[in-house]
Structures are given as C-alpha cells and as structure tokens.
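We begin with a single chain expressed as structure tokens, specifically the form predicted on its own.
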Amino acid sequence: MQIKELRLVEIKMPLVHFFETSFGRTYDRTIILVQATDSDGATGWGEVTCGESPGYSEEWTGSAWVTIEKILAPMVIGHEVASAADIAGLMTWARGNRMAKSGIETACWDLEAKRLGVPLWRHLGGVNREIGSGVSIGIQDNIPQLLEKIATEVAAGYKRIKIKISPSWDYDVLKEVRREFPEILLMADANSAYRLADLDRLKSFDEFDLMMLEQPLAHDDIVDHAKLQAAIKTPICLDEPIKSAEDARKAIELSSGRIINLKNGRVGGHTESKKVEAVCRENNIPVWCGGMLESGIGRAHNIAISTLAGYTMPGDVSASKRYWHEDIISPEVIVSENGTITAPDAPGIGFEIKHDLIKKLTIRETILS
C-alpha cells in the first residue's frame, strides 16, 4: 500500500439534543474527516474523533488539523507499507496526537478492505457480526427529564444505559433512576470528576448495583484507581488513561479496574485497538467500545472494531438518529428492537458516503499530496 493523497474535510453537524458531561455542554460537533487515496486511485474514509476543545484529551479539532497537515501527512504520503496495519508505524516518531493519527489510520484500513472486497469488520478479525448497543445520556436540566430520556431508550430496546454524573449530579440522581428502573443494566460515567478523598461518596454508589463506574478519578491515573477499586464493590471501568496495550497491561497488573472502555481514537486506530483487545481478552478483562459523538463514518469504524471477540459488553455505538437529523452515511446506523447492530456485508466500512451532504456541511477542506 502506498498513500498518494490525504484529503481533510472539516464539517459542522448540529446535534438533535444537547449532550452534557462534567466537561460542559455540547450543541453541535465540529468533525474532521480524512479521505485516503492510494497510488491506484482507491479511497477510504476515517474520522478524527477529538472534540472542539481540549477537555477530554489534549487534542482538539484545531490542533488535529494542523498536526495532520504539517506533521503526520508527510510521514505517510508516498511511503510504501505492506498493509494498513503498518500505517501507524509510519507515525511513531510524533508523540501522542493519537486521535489525529487514528483519522489517517482508519481511513487506510477502510481503503484496504475495499480493495480486498471484504467487510472491514472481517478484515479486522471480527467474529461477532451482531453487537450489543448501549446509549450514553448526558447530564440533564432535571431528574424528570433524565427519567423520560431513559424510558425512551429502554423502549427502543437498548441493552445498557449509561448516565453521566458529577459531584452535583450523582447520588440522588442514581437513586431516582434505580427506583424508576430497578432492572436495567445501568452504569455511571464520572469523566474524572472525583478524587480519592471522595471515597465515602463513591462507595455509596455500591447500593445501586451498577454495571460499572467509569473513570471516576484523574484522567491520567491508574494508581489511585487501584486503591479505589479495592475499597468499593462496583467495578471500575478505565477510559482516558488507557492509550496503548502497554497502558492496559500496567493497569491490569495494578488491578486499577475490572473493565476497559476502548476508543479507537484514544489509542490511535484499529491496529492498537486490536492489541489492547488482545491484552484484555488474555487477562479476562472485558472491553466495550466508547463513543465520542462520531458522525456515521466514525460510527461505522466503531461497529467494525466492536465485532472482535474481546468486546463482550454493549458499547456506546447507537443509532444515527439519536444524534443527527441526517447522518453522512447511507444507510444510517439503526438498532434492532433487541438492542443490537448488525455489521454490514459491503466492502470496507460497509456504508455509502453522502458526498453532497458533506459538501453542504463543510467548513474547510484541503488536499495533501
């Protein structure tokens, strides 16, 4: 494989409903899409999943654009590699910037799968064509509004409900949710809003029979999480600190958590995701696919990687209509009445790109060759 050209397209998509975490409230998404073209003219699409500001990670759309344009693209364009699995290796000199790297790397995986005429999920080594789908519900204006949203998603068949929490939106909220929905699979995502000094408060969540408590402590910590996990019954799920297979190995050795949220962008793309999945599977640590409010292109890549054997829990991969008035892929992602998504049979990501809609949503674009 030799990449001849990378096209960057920045689009802006309004959300159907605002999404709020401990980082803040989001009404729309600015997203960078990457189209990779090889020397034979074949193309593939990827997505840079970072946010509009450096809240979740140090990357944001403004920095990712410049990093790809000035640093990463020259490392990739024109260089011969045996397969898409080797694309990440071309960019190792540049530290971090994993979400920018993932946009390029996943586009190359899509390209390669299309050239081979196989679905991306099979090309990645997936074994479970049907994946479980969960939803993530942000902090709402009030508890009745939250309960109404949960009722809607449960009626739609989603297998797991995740709600965002913060020190001002936690115990009483969880109590009301459990009172209203005693049987649902429920998890809470803290987005690093707590400290070890909040142990008593975090321990109080044990009474709600949560599937997991996601990333309660600092975004880069695995030491205090180990102390917290030893003190509470609820399984801790690690998110932000797991940026590689090595990070996963160290966290597992420290018993920092019992579950890992695996995001393609956070680890740099499919190649590293496969390595993290293997480490976790070999150590009986379940993983699931987290979401970053992706467009249909990023969502399609999430579906593909979620078919690997180690992804044993419902992820944040949900229907397009939950987020977008119109998605940029066809058909849009749908969830069955049983709360599952079926990976497509078509080559590559398995969805057609709505080029006219992308053009309508475009803020800027550039071609690097």
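Numbering starts at 1 and runs along the sequence shown. Please read all numbers here as calculations on a predicted model, not as lab measurements.
If you look for the form predicted together with 2-succinylbenzoate (OSB), you will not find it shown, but the lines that follow are about it.
If the cut-off is 4.5 angstroms on heavy atoms, which of these, Asp221, Asp198, Asp239, Asp247, is the one near 2-succinylbenzoate (OSB) in the model of the complex? Of the listed residues, the single hit is Asp239.
Using heavy atoms only and a 4.5 Å cut-off, determine which of Asn97, Gln140, Gln229, Asn191 is in contact with 2-succinylbenzoate (OSB) in the model of the complex. Of the listed residues, the single hit is Asn191.
Candidate stretches 269 to 277, 230 to 238, 71 to 79, 285 to 293, one within 4.5 Å of 2-succinylbenzoate (OSB) in the model of the complex by heavy atom: Among the candidates, contact is made by 285 to 293.
Using a 4.5 angstroms cut-off on non-hydrogen atoms, would Ser256 count as touching 2-succinylbenzoate (OSB) in the model of the complex? Flag for Ser256 set to no.
Taking 2-succinylbenzoate (OSB) as it sits in the model of the complex, is Asn261 near enough to touch it, meaning that at least one heavy atom pair lies within 4.5 angstroms? Yes, Asn261 lies within 4.5 Å of 2-succinylbenzoate (OSB) in the model of the complex.
Look up in the model of the complex whether Tyr311 has a non-hydrogen atom within 4.5 angstroms of 2-succinylbenzoate (OSB), and give yes or no. Outside the cut-off, so no.
Does any heavy atom of Ser133 come within 4.5 Å of a heavy atom of 2-succinylbenzoate (OSB) in the model of the complex? The answer is no: Ser133 has no heavy atom within 4.5 Å of 2-succinylbenzoate (OSB).
Counting heavy atoms only and using a 4.5 Å cut-off, do Phe19, Phe23 and Asp316 all touch 2-succinylbenzoate (OSB) in the model of the complex? The answer is yes; Phe19, Phe23 and Asp316 each reach 2-succinylbenzoate (OSB).
Just to make sure I understand: among 205 to 225, which residues lie within 4.5 Å of 2-succinylbenzoate (OSB) in the model of the complex, judging by heavy atoms? Contacting residue: only Glu214.
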